[in-house]
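Just the one chain here, the form predicted on its own, laid out as structure tokens.
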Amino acid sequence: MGSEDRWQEGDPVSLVAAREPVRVVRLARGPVRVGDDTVLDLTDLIGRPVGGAIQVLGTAFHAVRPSLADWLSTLRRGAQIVTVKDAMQIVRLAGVAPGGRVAEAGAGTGALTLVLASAVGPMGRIVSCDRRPDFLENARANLARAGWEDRVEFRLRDVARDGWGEGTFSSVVLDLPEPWEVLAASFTSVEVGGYVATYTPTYNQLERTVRRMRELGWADVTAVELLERGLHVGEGGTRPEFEMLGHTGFLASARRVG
């Protein structure tokens, strides 16, 4: 975005300030509700350069274009979400790239779907399946907030029972309690050279998933866990934070090579 980039009515805006949670709002004339208990009037932003400061509730915020991190931090929750640290690693493990065609089972709230849609870009396509219509509606609403709903096709489908249907994919991502039940259908639906990646919370689920990958002939089978520890940075006093984001889930991936 250059210096001539200016706000227009209807644009999504991230309001960013130190030690404050990010607020994302759709720019409109007049009062707009943000969350459950805040009403803002950002009319004065319309026509002004992106990045300028504005006083909100007595605090100076900078108004910028929302990033993927902003959309994820303000996600409308429903089901438990895949954390950012795991979602970004899934993108790598599943070989998700711009222009890719990705099949996802377990739409949930759409957090992982948002990350995948960002990774494939405007020329890519996500087919996101869930057997619960309420999860699909919530995920669809979150993708629409980010303006990426045109990158995703939502399907009410039990993939473990019915498979993926027509078409082939460059990557398959499974956020399901029993991903091993979908690995056979995924093997025939993913392109040669394509990947599958799974997210499971327990060792038993991981063991059964990896065993099934090997039985079906998936190659390059990998299993990892990510732990995230922040650092408190101070002059002469830098140290690890006392709390860390520990176990959230186990990731497994494999590749179809023949």
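Please read these numbers as outputs of a predicted model, since none were measured by experiment. The numbering used is simple: start at 1 and walk along the sequence shown.
There is another form of the same protein, the form predicted together with a small molecule; it is not shown, and what comes next is about it.
For the residues 131, 101, 151, 140, the 4.5 Å heavy atom test against the small molecule in the predicted complex is passed only by 131. 160 is the sole member of 91, 84, 127, 160 with a non-hydrogen atom lying within 4.5 angstroms of the small molecule in the predicted complex.
Mapping the unseen interface onto this chain, residue 119 falls outside it, with no heavy atom inside 4.5 Å of the small molecule in the predicted complex.
Although the partner is absent here, residue 109 sits close enough that one of its heavy atoms falls within 4.5 Å of the small molecule in the predicted complex. The small molecule is not shown here, and in the predicted complex it never comes within 4.5 Å of any heavy atom of residue 185.
The small molecule in the predicted complex comes within 4.5 Å of a heavy atom belonging to residue 135. Stretch-level contact analysis of 169-177, 143-151, 119-127, 92-100 against the small molecule in the predicted complex, using heavy atoms and a 4.5 Å limit, identifies 169-177.
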